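One chain comes next, on its own, written out as structure tokens in the form predicted alone.
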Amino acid sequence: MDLTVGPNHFFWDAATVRVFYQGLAAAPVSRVVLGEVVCSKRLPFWQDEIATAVEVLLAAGKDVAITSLALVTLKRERKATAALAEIGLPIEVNDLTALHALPPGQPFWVGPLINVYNEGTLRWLAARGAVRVCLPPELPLDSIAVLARLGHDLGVAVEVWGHGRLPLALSGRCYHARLHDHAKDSCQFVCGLDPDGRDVETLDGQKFLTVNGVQTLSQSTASMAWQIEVLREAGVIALRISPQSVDFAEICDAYADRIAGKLTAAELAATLVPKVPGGRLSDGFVRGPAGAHWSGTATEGNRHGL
């Protein structure tokens, strides 16, 4: 089992992006997915950093892929998606419309925003050219095990969401813009004010979800700290670590140590809690009664709500 760094879901300026990917060159991760997955309006602000990041990461021995948008709605977005096939790197498909740009049989990766919920879907994607699939983060362990075994038989590497606020939904409307009394078309890029998303509370003040432009995320940070052994036994090839704005290199180091047996689950969790936005962890989709459940609650005294 190794580590994949997924695409950044948040809006960071070019300088921040540059430093982030330079830092990943020395991180104990095997592969990195670059590109804009949430909002095409953000891309012009940092797209010039992509070529340099690819060069740095490839020189460091990382596998690199480019993501498609997760929600393609505009003509310019369709053109940009079609152009991905000309880059010469593997494409990670996060919207099935991206397959129109790929010749049948051309290898590609599948991101966690594609609903790979059953064997039929995985077989179809493998036949179309998929060589790596990150399963949706809401799947339970039993389903993960079935798909991981099938992936092994099909020659498809199966990974799961290992760390990061969970991508729950995408909308045609921009929550961040509305919060600041802006229309989506004149959003003034206010999502950049919240580099790890903006928390949403219930009417009684309970932290509930996180918004990131047009995207809804979990408020807690999903972590497979307590699930490494069962996921490895299930046949999972890699954990996907989703970028956050602070302490990311240290987080990658900690997960690598946990996979290597140098840290216990409790030690990894103790390392993560002060580093993640909001200080809350969850893993309930894998083995709990609800997504916000945390397996370490009894051991760590780490209280979690929805």
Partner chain sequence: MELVCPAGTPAALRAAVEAGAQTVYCGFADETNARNFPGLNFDRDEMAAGVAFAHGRGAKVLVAINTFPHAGAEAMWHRAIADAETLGADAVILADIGLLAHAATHHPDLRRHLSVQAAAANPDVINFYAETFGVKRVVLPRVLTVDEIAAINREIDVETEVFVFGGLCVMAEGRCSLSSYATGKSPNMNGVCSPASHVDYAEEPGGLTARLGGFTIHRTAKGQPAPYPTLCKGCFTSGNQTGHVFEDPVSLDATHLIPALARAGVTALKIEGRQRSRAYVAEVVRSFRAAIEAQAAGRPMPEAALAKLSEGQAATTGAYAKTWR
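Positions refer to the first chain, counted from 1. Note that the coordinates shown come from a computational prediction; the quantities given were computed from them, not determined experimentally.
Unshown form predicted together with the partner chain; subsequent notes refer to it.
Kindly confirm or deny that G120, Y175 and A290 each have some heavy atom within 4.5 angstroms of the partner chain in the predicted bound form.
Answer is yes for this spot.
When the partner chain is placed as it is in the predicted bound form, which of 257-265, 27-35, 52-60, 65-73 ends up with heavy atoms within 4.5 Å of it?
Correct option: 65-73.
So in the predicted bound form, does S223 come within 4.5 Å of the partner chain, heavy atom to heavy atom?
Taking the distances in the predicted bound form, the answer for S223 is no, it never comes within 4.5 Å of the partner chain.
Applying a 4.5 Å heavy atom distance criterion, does K184 contact the partner chain in the predicted bound form?
Close contact exists here: in the predicted bound form, K184 approaches the partner chain to within 4.5 Å, heavy atoms only.
Does the 4.5 Å heavy atom contact test between H152 and the partner chain in the predicted bound form come out positive?
Judged by the heavy-atom cut-off of 4.5 Å, H152 is well away from the partner chain in the predicted bound form.
Counting only non-hydrogen atoms and a 4.5 angstroms cut-off, does F285 reach the partner chain in the predicted bound form?
Although the partner chain is absent here, F285 would touch it in the predicted bound form, with heavy atoms inside 4.5 Å.
If we check the partner chain in the predicted bound form, which of the residues in 188-205 reach within 4.5 angstroms of it by a non-hydrogen atom?
Residues within 4.5 Å: R198, D199, V200, E201, T202, L203, D204.
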